[in-house]
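One chain is shown next in structure tokens, namely the form predicted alone.
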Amino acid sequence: MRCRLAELLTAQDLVVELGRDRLRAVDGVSLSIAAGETFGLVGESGCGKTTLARALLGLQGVAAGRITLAGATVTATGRAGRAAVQYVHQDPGAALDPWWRIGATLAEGLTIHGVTDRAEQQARIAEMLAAVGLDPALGARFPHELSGGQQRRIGIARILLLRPRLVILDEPTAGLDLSVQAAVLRLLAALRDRFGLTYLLISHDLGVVRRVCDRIAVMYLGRIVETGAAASLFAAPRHPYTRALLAAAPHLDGRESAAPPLSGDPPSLRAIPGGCRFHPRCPIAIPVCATTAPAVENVTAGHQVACHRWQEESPHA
């Protein structure tokens, strides 16, 4: 775990409502990401991870709360002031126009952001392709001529051309075999150090999260239920939902987790339970869990949890 640096991005009491019914996909989320760290965001599908990321990008309006970037409050909607935050798509192939050569796609982003000199564009594109481990000659190819790993690297090069400070990585290793996953993760680490990047990594793969993240936030049904350093959170998870997620992850040594398995699916946003939102699925819920939302409490410095029973229940190995 690195020494904590200055905060680059913070969200305070963020609320995002979707649709005419104003369903709360993100409900009172607060988090901070330090410059230079890799911050992981985990949770089941539909918990609000991608909606939160879109709000941080400025692609999704917020109903309440504040987002601060490098100490300055940014607008809740629109991309003004957000060029320092960029997003790497979960499906890099789908994010590339199949009718455009790779070089043209990369040049388009530079043109939109004011870099119009063709010689400068070509120089920057060649430099960035080389930085992600690709031959600049690949700029003449079409997306379908590239492998999945190459497409992933093109997606990374595309946003690095814009010189961001914070990069949101949505499932950066999804769909890749283990050897390619390892290569992509090594590349991301090298690029973070070379360009002074900060990462927000969204993933279902807890193995990836454990390997690369400095800190982790666990999200359930629109709220953060536990946040902490990766090492301490994996070693001593305090929220029963966190323990259930870890229990569901396969162990390479074949051992079984002592934590109870996670049953059922998360409730719909149209029928959010009262009290602790996890209580209908929680194996240790007590009556107060159904009536009162738990406050966020400090377990240790830098480790917070929202659970009525976190002090009573010893963490599972």
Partner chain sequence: MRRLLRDPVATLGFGLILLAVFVALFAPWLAPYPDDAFDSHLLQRLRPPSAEFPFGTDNLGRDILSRVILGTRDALTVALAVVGAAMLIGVPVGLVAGWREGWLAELLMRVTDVFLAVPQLILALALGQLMAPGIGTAMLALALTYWPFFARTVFAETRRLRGALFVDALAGIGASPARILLLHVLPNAAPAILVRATIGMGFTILTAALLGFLGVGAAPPSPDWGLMVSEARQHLPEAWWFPTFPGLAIFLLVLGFNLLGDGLRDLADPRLRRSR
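Positions refer to the first chain, counted from 1. Owing to the predicted nature of the structure, the values given are computational and were not obtained by experimental measurement.
Although it is not shown, the form predicted in complex with the partner chain is what the next lines describe.
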### Message
I'd like to check something about Pro98: if you look in the model of the complex, is any of its heavy atoms closer than or equal to 4.5 Å to a heavy atom of the partner chain?
### Response
yes
### Query
Heavy atoms within 4.5 Å of the partner chain in the model of the complex: does Gln86 have any?
yes
### Message
Just checking whether Leu59 would be counted as a contact of the partner chain in the model of the complex - the rule being heavy atoms within 4.5 angstroms.
### Response
yes
### Message
Since only the chain is shown here, I'm wondering whether Gly139 would be in contact with the partner chain in the model of the complex (any heavy atom pair within 4.5 Å).
### Response
no
### Task
Select from the listed residues Leu162, Ala229, Ala236, Val115 the one whose heavy atoms reach within 4.5 Å of the partner chain in the model of the complex.
Leu162
## Note on the structure
Only one of 126 to 134, 221 to 229, 105 to 113, 193 to 201 has residues with a heavy atom within 4.5 Å of the partner chain in the model of the complex, and that stretch is 105 to 113
#### Entry: Heavy atom within 4.5 Å of the partner chain in the model of the complex - qualifying residues of 220 to 240
none
